[in-house]
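Read the single chain below, which is given as structure tokens and is the form predicted on its own.
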Amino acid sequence: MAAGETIVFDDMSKRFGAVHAVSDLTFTVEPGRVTGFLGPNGAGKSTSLRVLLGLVNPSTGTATIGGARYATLRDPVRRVGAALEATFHPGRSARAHLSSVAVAGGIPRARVGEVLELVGATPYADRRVGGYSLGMRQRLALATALLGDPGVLVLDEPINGLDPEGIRWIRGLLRSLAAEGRTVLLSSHLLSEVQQTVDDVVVIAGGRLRYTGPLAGLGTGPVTIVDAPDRPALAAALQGAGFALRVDAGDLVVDADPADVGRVAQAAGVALRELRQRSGGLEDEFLALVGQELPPPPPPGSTPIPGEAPR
């Protein structure tokens, strides 16, 4: 097994014409830990990972593994394993796919059987990949990443498509790989998918860094749940007072004290039907970081705000 290595994004930006996909991204991923790279769809996660793996060049800044760009690594298949938008020939079996990758990378063929067993794919290893479910393809992608027994793993949405048993399995596997001293970086657009797996998180939205640090560092302060028969009027009053709003499972959530929320509603003449405090969770903080808030209230007669039933 190769040793884990530090991943460093240093003021990295990537532009596609006039589009700034990633701007001034700086963070570090340490060996021996599982780091979640989180953000909504379109946040810039895949672009950042593609820069890290040398698939696209950064516009400015750097992304390095062990102090070097991926393109300059010696024997990269044994240092870095990646599962990023993996595609497979539908007519080949998993065993045939892995065997071809092993031959190209100078990896002993015996390793193919080891990784198939490791990811639980042995029972269907000789079936054509074209008949695989998404979860089975995810296991094959992970087997491909592990083929060279690398010290660094870069995985894009590895939990997507797995059933509950598969999610428990991959959590245990990734934790064990990090415990061996490997560097594990995995992306996801949902904190709920990975919060039982990761040690550290990097949160981006709109191509910009919003948080980097231990999972426990995400705030868990209380939030206020509020509602009114006239929800658009309530939203307009609260947003006019500078409060950020969002809808979570149908609830209107405000990052403020209930007394302050009540005073604003009273001053605006909005009658409330609900006003209570709820202990803030990681998901609340994550949604706040990525800016999934309510838009400004629409003018009268237009489309209602999210979470408001049409009238």
Partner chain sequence: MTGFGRAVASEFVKLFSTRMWWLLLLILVGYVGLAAAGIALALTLAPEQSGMTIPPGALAAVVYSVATASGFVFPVILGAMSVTGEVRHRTLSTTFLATPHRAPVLAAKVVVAAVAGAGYGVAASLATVGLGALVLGSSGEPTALDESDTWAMIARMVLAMAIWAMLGVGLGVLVPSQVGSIVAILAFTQFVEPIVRTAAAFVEPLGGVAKFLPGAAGDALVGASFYTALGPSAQTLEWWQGGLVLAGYAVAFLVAGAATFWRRDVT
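For clarity, every value in this text was computed on a predicted model and none was experimentally measured. Numbering follows the first chain given and starts at 1.
The next section is about a form of this same protein that is not shown, the form predicted together with the partner chain.
J.: Using a 4.5 Å heavy atom cut-off, which residue among 91, 229, 108, 164 comes into contact with the partner chain in the predicted complex?
T.: Looking at the other structure, the residue within range turns out to be 91.
J.: State the residue from 195, 99, 239, 212 whose non-hydrogen atoms include one within 4.5 Å of the partner chain in the predicted complex.
T.: Looking at the other structure, the residue within range turns out to be 99.
J.: Among 28 to 36, 54 to 62, 250 to 258, 263 to 271, which stretch has residues with heavy atoms no more than 4.5 Å from the partner chain in the predicted complex?
T.: Heavy-atom contact with the partner occurs in 54 to 62.
J.: In the predicted complex, does every one of 118, 126 and 149 come within 4.5 Å of the partner chain, counting any heavy atom?
T.: No residue of the spot touches the partner chain in the predicted complex.
J.: At 4.5 Å between heavy atoms, is residue 176 in contact with the partner chain in the predicted complex?
T.: Outside the cut-off, so no.
J.: I'd like to know if residue 76 sits close to the partner chain in the predicted complex, meaning any non-hydrogen atom pair within 4.5 angstroms.
T.: Because a heavy atom of residue 76 falls inside 4.5 Å of the partner chain in the predicted complex, the answer is yes.
J.: So in the predicted complex, does residue 104 come within 4.5 Å of the partner chain, heavy atom to heavy atom?
T.: So residue 104 counts as contacting the partner chain.
J.: Indicate whether residue 159 is a 4.5 Å heavy atom neighbour of the partner chain in the predicted complex.
T.: Output for residue 159 is no: heavy atoms all beyond 4.5 Å of the partner chain.
J.: Heavy atom within 4.5 Å of the partner chain in the predicted complex: which residues of 63 to 85 meet that condition, in order?
T.: Counting only heavy atoms within 4.5 Å of the partner chain in the predicted complex, the contacting residues of 63 to 85 are 70, 71, 75, 76, 77, 82, 84, 85.
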